[in-house]
Ligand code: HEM
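Single chain ahead, written as C-alpha cells, the form predicted alone.
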Amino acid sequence: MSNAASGVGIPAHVPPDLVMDFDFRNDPRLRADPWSVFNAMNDKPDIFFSPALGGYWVVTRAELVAEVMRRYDLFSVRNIGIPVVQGAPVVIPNNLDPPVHAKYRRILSQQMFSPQALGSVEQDSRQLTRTLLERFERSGACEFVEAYARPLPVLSFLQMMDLPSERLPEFMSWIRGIFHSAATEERAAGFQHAHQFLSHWLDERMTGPLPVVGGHMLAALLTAQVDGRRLTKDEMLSIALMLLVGGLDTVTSQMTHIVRFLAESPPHRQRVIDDPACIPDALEELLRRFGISNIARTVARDCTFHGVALKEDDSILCSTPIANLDARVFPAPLTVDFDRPNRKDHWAFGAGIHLCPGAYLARVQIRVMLEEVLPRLPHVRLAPRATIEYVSGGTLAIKALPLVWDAPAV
C-alpha cells in the first residue's frame, strides 16, 4: 500500500502523513488472500485516510472500531456503505439514529430475534440441514455455497416470513445479484426484484389472516406498534428488506469461511467431531478469526477523535476483519485457537445499539451446521485443483467452495 499524500481530492483537514491507499472493495490482492491484507492493518496508524472509493477514514484498532460503533453521538448510521450512494432508501432500523432507532429495534429484539421468539429455530435449522444434506452427502462432492450455505439461511427466512419454500430459487438469485454481481445494474436489479416481490406480498398479507404455525416474523410485522400505532406498509417493507439483505448473505459467508478452514485443517475438524462439547468455544473463535462485515458510519459533527480531526459527513470504516485481527487484542491473530482465553471478545456482530439483532439466530444456525454437517462428510476437503476466489465489499465472501469427501458405499 503506497502513501497517497500527493493524491488529488484529499480534504484539507486530512494530514498528509495519514493518507494511505486502501481499497477494501477493489484491491486485487483481496481476491486471493484477504486475510493478509486485513492483518497488515496492524502495521498502520490507529486511524488513517484512504482516498479510494470517494475517500474514507479507516480505524485499525479493535477498541476504536468498537468505540465508533458505540458513539452514536459522534457517528451516525444515516449512511453505512462506502462509497456513499446518494438517494439510497432508508432501511429500518439500520439507518436510524437514537431516539427513533429504539422504537423499531424493540420489534426486532423482542418479537423477532429473542430466544423466546425463536423457540423452534434449532429444531427447524436441524431439519433444514438434514434435508439439504440428503441431496448431496452420498455424491462425495458439492459446491458448498450453492448446496448448503446459501439455501439454508434463505429457507429459514422463508419459514419465518411464512413464504413458500418453492420461492427459494428466486430469493437465491436476488441475493446473488445484490451481493455478488460486479455490475452496479445487476445489483440494483436484484434489489428491485426483491423490493417488488415483498411489496406485493405485503399487500396480500396485510388483508389476510395471520400465520397459524411458524411465520413469526411476518406476524411481528403485522402486529407490531410504534408510538401506539401499527406499522405502515412502507415501514414493514423497509424492515422486510433489511431482514433479507442484512442477514442472509452474512450467514452464508460466515458458514463458508468456517467450512473452508475446517476442510483444510483436519486437527481442528476432528476435534469438533470428536468433542461436540467444544463447539460453542470453537464457534466463537471461528467468528473471531473470520470477520466478514465492512460497514461504515458517517461523522455526525465536526470532532476530534483520538487526536484526529474529523469533519461532518466524513465516512469512517468499521471493519470486523480488521478489528478481529488486531494483534494487540488477539496475539497471533491469524491462528485459530479454540482455547484462546478471550475468544468471545470479538466484534463479529458489531457493538453498541446496532449490535446485530440476529446474532443468536446466526450462532444457532452455524452451531447446527458444525454438529450435523461435519460428521456426515467424512474427511471433507477442498476439491483437487480448486481455486478459491474471494469477493470483498460490505461482506467478505467466498464465491464458490468445491468440496469432496469419502462418500458412503452404495
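Keep in mind it's a predicted model, so treat the numbers as computed, not measured. Heads up: residue numbers just count along the shown sequence, starting at 1.
Missing here is the form predicted in complex with the ligand; even so, the following discussion is about that form.
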Item to complete: Could you spot which one of 315, 256, 129, 250 gets a heavy atom to within 4.5 Å of the ligand in the predicted bound form?
Response: 250
Worksheet item: Out of 177, 151, 215, 93, which one falls within 4.5 Å of the ligand in the predicted bound form, going by heavy atoms?
Response: 93
Discussion item. Check residue 353 for me: does it contact the ligand in the predicted bound form (non-hydrogen atoms, 4.5 angstroms)?
Written reply: yes
Practice prompt. Verify the contact flag for residue 246: yes if a non-hydrogen atom of it lies within 4.5 Å of a non-hydrogen atom of the ligand in the predicted bound form, no if not.
Written response: yes
Discussion item. Is it the case that residue 292, even though its partner is missing from this view, gets within 4.5 Å of the ligand in the predicted bound form, heavy atoms only?
Written reply: yes
Discussion item. Residue 361 versus the ligand, in the predicted bound form: is there a non-hydrogen atom within 4.5 Å?
Written reply: yes
Worksheet item: Does every residue of 108, 297 and 357 put a non-hydrogen atom within 4.5 angstroms of the ligand in the predicted bound form?
Response: yes
Worksheet item: Where, among 226 to 234, 205 to 213, 99 to 107, 121 to 129, do residues come within 4.5 Å of the ligand in the predicted bound form by heavy atom distance?
Response: 99 to 107
